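Take a look at this one chain, the form predicted on its own, written out in structure tokens.
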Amino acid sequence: MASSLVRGKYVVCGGEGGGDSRVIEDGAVYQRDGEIVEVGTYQDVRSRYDPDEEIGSSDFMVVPGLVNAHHHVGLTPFQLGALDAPLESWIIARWALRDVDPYLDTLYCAMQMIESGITTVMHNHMMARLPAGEGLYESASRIVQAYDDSGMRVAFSLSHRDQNHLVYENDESFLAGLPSDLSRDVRSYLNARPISLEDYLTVCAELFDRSRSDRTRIFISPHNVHWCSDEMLRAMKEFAVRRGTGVHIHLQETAYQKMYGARHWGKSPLAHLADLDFLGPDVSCAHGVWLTDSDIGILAETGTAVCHNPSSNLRLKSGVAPLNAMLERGVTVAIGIDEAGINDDNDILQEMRLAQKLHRVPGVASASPTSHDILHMATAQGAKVTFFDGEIGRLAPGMRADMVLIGLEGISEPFLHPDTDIVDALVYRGKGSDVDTVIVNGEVLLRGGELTKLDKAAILGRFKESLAQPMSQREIARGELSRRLLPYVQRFFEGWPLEHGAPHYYYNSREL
């Protein structure tokens, strides 16, 4: 592997939560064989080394590779025909989506992510999207292979569940209230491709043994607390401890999920996980919108992390996560796009900006996340939850050479006050279209805005061709079943009046 000197008008070594970030003006990073050897001023570093290649110039800023800490698929549900809706009905509406080749789909999202400066992703694969005739291991390994072909780092997990597949109650109880023909058809659909816990763990073990690499981590993933029996949760946690890997789980994404905890355990889902001795630094929770003050204390005490997904939470009417309270208590929080950003794309810089603006609550003395907090969440904190901590997330000697060059023209033209903090400028104005060069482990994946390892036109051509085929009978039948079932799911949750407690944030008032 070659050596290179990466230069920028600003080298941002990493976000430091709450405060300043180390920024070197007219700086450079020297890497050899994928490892950062030195970071300093361009003149000092250039005088000590003779790199094989010099990348960048004073027209760029250099930042650590960005981390998308919660993600699912490439082609978004909106593109495939499912409009945004509350999560509980949206899940059923997704039954109508087209079957998509997992390898091509992953290459598609990898291209988008690389183009926006993402070097590492937490990819959580939902097994409901398995193509016809393909086994679980084959589908999962093709996704991992796609990331390997792209050059990105990935923390990959298969999600699994064993209960409450339709609404937040026992499947048989809900099916018993449906018309007999609909109950029969839904039961047949649910039982079509059952995967036992034993089979699931066997596949995860095979992935762990065969697919791990310097750029790939294999996690385990119970889908959500209310979707998994205590037996399943304990088995998955035990697997993670035995294998020394991470656990990724959805948590309290919606008000209904919080209410489920109160109805079934007399406490929040997170508190129930604490009772099971499930939590810890090896666990990351996606969303956490409906966390209580007590929950945030549990997170801080156990070292359990949260992956914040502001776009998804808004699009699916889930709410606004209490980020300010989590940061105040020292909870590890990373940022994820969750398959579709606010613009239905994978622009991590826009997700970072939304994460900052969404939490600027009213009041001259109110706390809100700084640009340095946001960069820290998208780099070092993302590295921690993906189990690449100590390898990526900062630009420092001994770290892996994952970095992004972002053009300054789009950020600073036609004028930017010279006293403006460059990290503020990045979070306030940066866009994926400003990303010029992406480097992972010293290897250039994007140069001048062009992918180097992937043939974008060819991949898009293959993808379009596969999706241009007529819908299969399997897809048509699944879509019709979804449309028949949705009114009953809607009616079920309409019977759960939303609880109205004191909010974490005070945005407006309807009374004097």
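Small disclaimer: the values here were computed from a predicted structure and weren't measured. When you see a residue number, it is the position in the sequence shown, counting from 1.
Omitted from view is the form predicted together with a further copy of the same chain, to which the following refers.
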**Message:** E172 versus a further copy of the same chain, in the predicted bound form: is there a non-hydrogen atom within 4.5 Å?
**Reply:** no
**Asked** How about D344: is it within 4.5 Å of a further copy of the same chain in the predicted bound form, going by heavy atoms?
**Response** yes
**Request:** Please run the contact check for L75 against a further copy of the same chain in the predicted bound form: heavy atoms, 4.5 angstroms, yes or no?
**Result:** yes
**Request:** Determine whether any heavy atom of S368 comes within 4.5 Å of a heavy atom of a further copy of the same chain in the predicted bound form, and answer yes or no.
**Result:** yes
**Message:** Quick check on this chain: which one of T216, Q79, S183, Q145 has a heavy atom within 4.5 Å of a further copy of the same chain in the predicted bound form?
**Reply:** Q79
**Fill in**
As a check of understanding, the residue in A425, L327, V203, V247 with any heavy atom within 4.5 Å of a further copy of the same chain in the predicted bound form should be identified as A425
**Request:** Can you check 260-268, 117-125, 377-385, 172-180 and let me know which stretch has heavy atoms within 4.5 Å of a further copy of the same chain in the predicted bound form?
**Result:** 260-268
**Item:** Complete contact of V62, G151 and I392 with a further copy of the same chain in the predicted bound form (any heavy atom, 4.5 Å)
**Value:** no
**Item:** Sequence-ordered list of residues in 414-428 near a further copy of the same chain in the predicted bound form, where near means a heavy atom within 4.5 Å
**Value:** P414, F415, L416, H417, T420, D424, A425, Y428
